[in-house]
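One chain comes next, on its own, written as structure tokens: the form predicted alone.
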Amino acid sequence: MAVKVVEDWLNACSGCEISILNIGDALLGILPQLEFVHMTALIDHKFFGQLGDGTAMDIPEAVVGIVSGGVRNEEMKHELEEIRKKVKFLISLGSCACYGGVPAQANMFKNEETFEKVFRQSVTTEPAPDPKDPNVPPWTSTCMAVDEVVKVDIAIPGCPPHPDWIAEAITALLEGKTAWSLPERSVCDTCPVIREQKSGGGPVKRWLQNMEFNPEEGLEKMRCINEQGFLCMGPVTLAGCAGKTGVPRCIQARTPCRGCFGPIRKGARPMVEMMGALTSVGLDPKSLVDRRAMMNRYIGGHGVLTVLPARPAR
């Protein structure tokens, strides 16, 4: 008998759902063992009945629940709580679900400040009042990761997560293994570039300057991006973005790691550790523009990014 699966997205972009489809041939081996009974991106199953005549959110019971995206409003929170009630195991899929993702950068501001910016101060928008329609769900106080609201059994990070890990985690559940996680290794552990443990010193360079590398040569001939003076979050970011091939995806493209796979271990504070990593090669971390947002780009949930108290007047 096939295992029933509920898949849903909350505050998300659908990249995680595309990653599920990108599992490719391995998905063909898994599909006969799965029965998707709800998947917003692919299946026409409506929350309040196919004719919209239901009075309560209808989410089918299933063994496995997969949720992408964080929680940004009260409707998403209710949706997530209903899914958790209906499934035996819950997988948070992608960095928005695991850590809040890029949307959780809004946690640096009060909700009313965000509304003021979006509805009245944006140069591309005609000024308008905040939405008051009762059909528009109110925002939660912060943008939250899934495990800030309900219990999560397996977390698969990434923006988007690599298909290899989605297939492996689902296969583990099918085999009766209720725990799955990636090894606690950093991106630097899987990066083949040259390291000399020093840089030219000075401020962190902005990407108005070019990095030095020869596109005709392999990565093993390229100098470490941090040591070239640019911000690369590799020292404090969990390895695995390239799946089982190993070499980090951004580094393959000769660009720095942005930190999308999140911290190497639970409870880590990448910003503090990254400032130490920059200092160790002679760079001034305080010179990095908007360093609080840049170093916590994907992980603003769990209280990592909050509204800072106003500084006292001098």
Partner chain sequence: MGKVINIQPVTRIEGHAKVVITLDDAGNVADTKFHVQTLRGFEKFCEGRPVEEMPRTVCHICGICPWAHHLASAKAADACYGVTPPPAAVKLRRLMQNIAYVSDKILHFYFLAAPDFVIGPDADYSVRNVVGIIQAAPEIAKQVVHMRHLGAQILEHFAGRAIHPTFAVPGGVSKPMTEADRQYTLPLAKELLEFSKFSLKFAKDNVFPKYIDAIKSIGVIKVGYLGTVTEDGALDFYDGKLRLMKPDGAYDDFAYEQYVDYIGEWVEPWSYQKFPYAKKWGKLSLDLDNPVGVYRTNCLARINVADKMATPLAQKELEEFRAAFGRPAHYTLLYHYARLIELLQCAEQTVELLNDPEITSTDIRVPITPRAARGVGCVEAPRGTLIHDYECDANGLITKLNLIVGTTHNTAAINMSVNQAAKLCIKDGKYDQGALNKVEMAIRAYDP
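A quick note: this is a predicted structure, and the numbers were derived from the prediction, not measured. Positions refer to the first chain, counted from 1.
Below: the form predicted in complex with the partner chain, not depicted.
S.K.: Given that the partner is absent here, does residue 105 sit within 4.5 Å of the partner chain in the predicted bound form, heavy atoms only?
M.R.: Yes, residue 105 lies within 4.5 Å of the partner chain in the predicted bound form.
S.K.: Against the partner chain in the predicted bound form, would residue 137 count as a contact residue? Criterion: heavy atoms within 4.5 Å.
M.R.: Yes, residue 137 sits close enough to the partner chain in the predicted bound form that at least one of its heavy atoms falls within 4.5 Å.
S.K.: Please run the contact check for residue 159 against the partner chain in the predicted bound form: heavy atoms, 4.5 angstroms, yes or no?
M.R.: Although the partner chain is absent here, residue 159 would touch it in the predicted bound form, with heavy atoms inside 4.5 Å.
S.K.: State yes or no: in the predicted bound form, is some non-hydrogen atom of residue 10 no more than 4.5 angstroms from a non-hydrogen atom of the partner chain?
M.R.: Yes.
S.K.: Report the stretch among 193 to 201, 82 to 90, 178 to 186, 114 to 122 that approaches the partner chain in the predicted bound form to within 4.5 Å, counting heavy atoms only.
M.R.: One stretch meets the cut-off, namely 114 to 122.
S.K.: Is every one of 171, 284 and 310 in contact with the partner chain in the predicted bound form, taking contact as a heavy atom within 4.5 Å?
M.R.: Result no, not one residue of the spot touches the partner chain.
S.K.: Report the residue, out of 271, 62, 250, 278, that has at least one non-hydrogen atom within 4.5 angstroms of the partner chain in the predicted bound form.
M.R.: Comparing distances to the partner chain in the predicted bound form, the residue within 4.5 Å is 250.
S.K.: Does anything in 265 to 298 come within 4.5 Å of the partner chain in the predicted bound form by heavy atoms, and if so which residues, in order?
M.R.: Those in contact are 289, 290, 293, 294, 297, 298.
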